[in-house]
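To begin, one chain is listed below as structure tokens, in the form predicted on its own.
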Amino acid sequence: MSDLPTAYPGFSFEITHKAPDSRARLGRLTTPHGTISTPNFIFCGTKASIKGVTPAQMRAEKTDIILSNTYHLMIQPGADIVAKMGGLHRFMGWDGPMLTDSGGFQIFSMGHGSVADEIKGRRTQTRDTTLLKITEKGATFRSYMNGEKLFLSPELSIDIQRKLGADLIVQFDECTPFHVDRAYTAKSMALSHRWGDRSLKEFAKGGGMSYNGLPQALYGIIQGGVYEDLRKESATYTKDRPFFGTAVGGSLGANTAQMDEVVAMTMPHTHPDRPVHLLGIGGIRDIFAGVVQGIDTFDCVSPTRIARHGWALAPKAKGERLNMRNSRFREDPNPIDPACDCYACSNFSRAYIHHLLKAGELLAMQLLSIHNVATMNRLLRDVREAIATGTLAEARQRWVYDPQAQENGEGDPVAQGGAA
């Protein structure tokens, strides 16, 4: 790999503080579109849009970084259109840092006949398979829109991400689900490593530049399923290659306890000076579990997805959320969370949002999305402050649901008088 670049102009990652009692750390991740403090949360703008929230509203709620999905954008509107429009930043009106994934997660999560939860270990829903064939060259699959046969390889994934123009991009990999055995996981991991090398070569061939002339930085992905030796081998692979950052991917187990174990067995073997991203994970509990292992960034569709179903994120709430359709909010004059200063909490009552949901008004989903975005950003600011002051355990108590301590109010922030 000596022909590959080892420097990433316009990018840097500086570790500014390390916790003395865990792997938790603070950092500054610099990109051509700005610098973010870590740990941080990356919001999912799957199809070049944060559903129901404008870029200006995302900025107003102190969002630092967002992502979009290669798989969806290659199908609609197509990477060439995005490139012609000046890249994702200009296309969607977002001027901050951005990440795109490789497309592998969506192809293989759908391809094994299940939704994304299967990759994380829960096989509760099924859909028709769209993955047709995996070979050394790449993956052949059908478009979820019209059934058209499509092909994606490491080279094509990098080329598409180059056209999309995000700051941070990701190698192409096979994202193995939970139900496959160890032999398949090991074979798949080895294939992902070979695809990673091809991703690096294609990245170098393009000079590490996007189609709009700005530099990009490439992340390598750690696979290996729930097997400690495979996770170590895959982490060593990414550490020994000239990736800018590291992403922890693949199946993380059948439950949160196993996910914590997989992350814990992986992190000691990652490159100590590179930013580490945990792919597709970002619940409140998950944030605290991840940062103590050294995770720097997280992403998850949940904050805006649950908002569209009437749920509001809330500190210490059971299930980390409040069901705003619940009749107990019908005459509640309080904001969703008294400690939240987002646009929704500063201007509207629970009763009003409850009414909007019952009336089927789209404004309800927008207000809840804004609140959930603000809550995740507030959470990560609190986490960063707690790491700096050595009070992460206390911060966790303010945010994470504890059934023994929540007998009154069921985690309702009004009953608690709000959270910090």
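In this text, residue numbers run from 1 along the sequence as written. If you're wondering where the values come from, they're calculated on a predicted model, not measured in any experiment.
There is also a form predicted together with another copy of the chain; it is not shown, and the following applies to it.
Trainee: May I ask whether 28, 163 and 393 all come within 4.5 angstroms of another copy of the chain in the predicted bound form, judged by heavy atoms?
Mentor: Not a single residue of the candidate spot has a heavy atom within 4.5 Å of another copy of the chain in the predicted bound form.
Trainee: Counting any non-hydrogen atom inside 4.5 Å, which residue from 271, 241, 142, 308 sits next to another copy of the chain in the predicted bound form?
Mentor: Checking each option against another copy of the chain in the predicted bound form, the one that comes within 4.5 Å is 308.
Trainee: Which of 211, 343, 227, 288 has a heavy atom within 4.5 Å of another copy of the chain in the predicted bound form?
Mentor: The residue in contact is 343.
Trainee: Counting any heavy atom within 4.5 Å as contact, can you tell me which stretch out of 150 to 158, 185 to 193, 253 to 261, 343 to 351 lines another copy of the chain in the predicted bound form?
Mentor: Of the stretches listed, the one contacting the partner is 343 to 351.
Trainee: With the partner left out of view, is residue 381 within 4.5 angstroms of another copy of the chain in the predicted bound form by any non-hydrogen atom?
Mentor: So residue 381 does not count as contacting another copy of the chain.
Trainee: Please check if residue 60 has a heavy atom lying within 4.5 Å of any heavy atom of another copy of the chain in the predicted bound form.
Mentor: Output for residue 60 is no: heavy atoms all beyond 4.5 Å of another copy of the chain.
Trainee: Is residue 388 near another copy of the chain? Define near as a heavy atom within 4.5 Å, in the predicted bound form.
Mentor: Judged by the heavy-atom cut-off of 4.5 Å, residue 388 is well away from another copy of the chain in the predicted bound form.
Trainee: Does any part of residue 35 reach within 4.5 Å of another copy of the chain in the predicted bound form? Heavy atoms only, please.
Mentor: No.
Trainee: Let me know which residues along 27 to 53 have a heavy atom within 4.5 Å of another copy of the chain in the predicted bound form, or say none if there are none.
Mentor: Contacts from 27 to 53: 47, 48, 49, 51, 52, 53.
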